[in-house]
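As structure tokens, one chain now follows by itself in the form predicted alone.
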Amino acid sequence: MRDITCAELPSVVRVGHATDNQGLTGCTAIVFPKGAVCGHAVAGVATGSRELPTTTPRHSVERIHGVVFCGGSAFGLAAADGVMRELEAVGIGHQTGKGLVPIVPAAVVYDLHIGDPTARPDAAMGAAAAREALGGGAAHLRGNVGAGIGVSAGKLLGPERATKTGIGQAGVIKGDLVVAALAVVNPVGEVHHMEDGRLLAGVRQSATSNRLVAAREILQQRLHQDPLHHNTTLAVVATTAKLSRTEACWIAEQSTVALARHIEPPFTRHDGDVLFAASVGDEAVELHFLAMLVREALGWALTDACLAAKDLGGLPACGSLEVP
């Protein structure tokens, strides 16, 4: 059951986007109106992030109130300021005794090679994304929206030979247990279909070709360039399962397996992958069973990010490609 999105969890998870259709950058706010117990895993080494310690077991604040994904590289982290302000305005945040402080970790992708590199998400865009999330009307959107408008896959031979990707969503429902995943897909490597393994997005033969070249062939011939930091896959998995922060961190670590299965090569020296696992319910569940569902949901979200994307910024998307 992969066709669900975060819209299945409207009271506890809301998603909003702010999209710069000229500059080709944007941000996405995932808001937890009632808070969430959250853990994270960092699978990449080129990470741009903010407030990640709040999603570790030893941090004193036990719940977060949102996650922000941004384009614009490290500049895009400014969008989290706007999300915080909007959440404070509606009474969502950690009570300090002197006022509310919304806890909003954020992570970025590098999208400066598409569109205008001086166009970057800021606090105003973050506020707009938060307002859209709180309004509840955008949870189903995917493809070239928000943080997904400037992303691509397959940059082993340079970003000009990449494939357009975007934001994907998918999930699994088992009785009262819901697992919903959202992914912003911007890896160095290529992306394979969750179900049959076929190549969905990757390196093109040339900047003007729509035919893909398998990453394995490129790596075997040692043809790849230094892709700098044009990369990073970000994901959040929200579940109605009851988790401690230690358990949420373990589930986040388990979710990285989906990237390893469906992206080749995964976790390169130039990817800054960050994955969050958020508990927004009280369902009792066996953790290994939950981890299996999380890997399934995220695998489908990676696939959806390729299938939902459209040609943009001079790059063809999945529907325009010739697959070897």
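The first residue of the sequence shown is number 1, and the count goes up from there. Everything numeric here is computed off the predicted structure, so don't read it as measured data.
One more form of this protein should be noted, the form predicted together with a further copy of the same chain, which is absent from this view; the next part is about it.
Only one of 22 to 30, 35 to 43, 283 to 291, 257 to 265 gets a heavy atom within 4.5 Å of a further copy of the same chain in the predicted bound form; which is it? Result of the contact check: 35 to 43.
Could you check which residue among L134, L199, L112, A138 gets a heavy atom within 4.5 Å of a further copy of the same chain in the predicted bound form? It is L112.
Using a 4.5 Å heavy atom cut-off, which residue among V101, A207, I173, L219 comes into contact with a further copy of the same chain in the predicted bound form? Filtering the options by heavy-atom distance leaves V101.
I'd like to check something about R120: if you look in the predicted bound form, is any of its heavy atoms closer than or equal to 4.5 Å to a heavy atom of a further copy of the same chain? Taking the distances in the predicted bound form, the answer for R120 is yes, it comes within 4.5 Å of a further copy of the same chain.
Taking the shortest heavy atom distance, is E247 within 4.5 Å of a further copy of the same chain in the predicted bound form? E247: no, not in contact with a further copy of the same chain in the predicted bound form.
Is there a heavy atom of A153 lying 4.5 Å or less from a heavy atom of a further copy of the same chain in the predicted bound form? No.
Evaluate S73 for contact with a further copy of the same chain in the predicted bound form, applying a 4.5 angstroms cut-off between non-hydrogen atoms, and reply yes or no. S73: contacts a further copy of the same chain in the predicted bound form.
Residues in 42 to 78 close to a further copy of the same chain in the predicted bound form, defined by a heavy atom within 4.5 Å, in order: Contacts from 42 to 78: V42, A43, V45, A46, T47, G48, S49, R50, E51, L52, P53, T54, R58, H59, S60, V61, S73, A74, F75, L77, A78.
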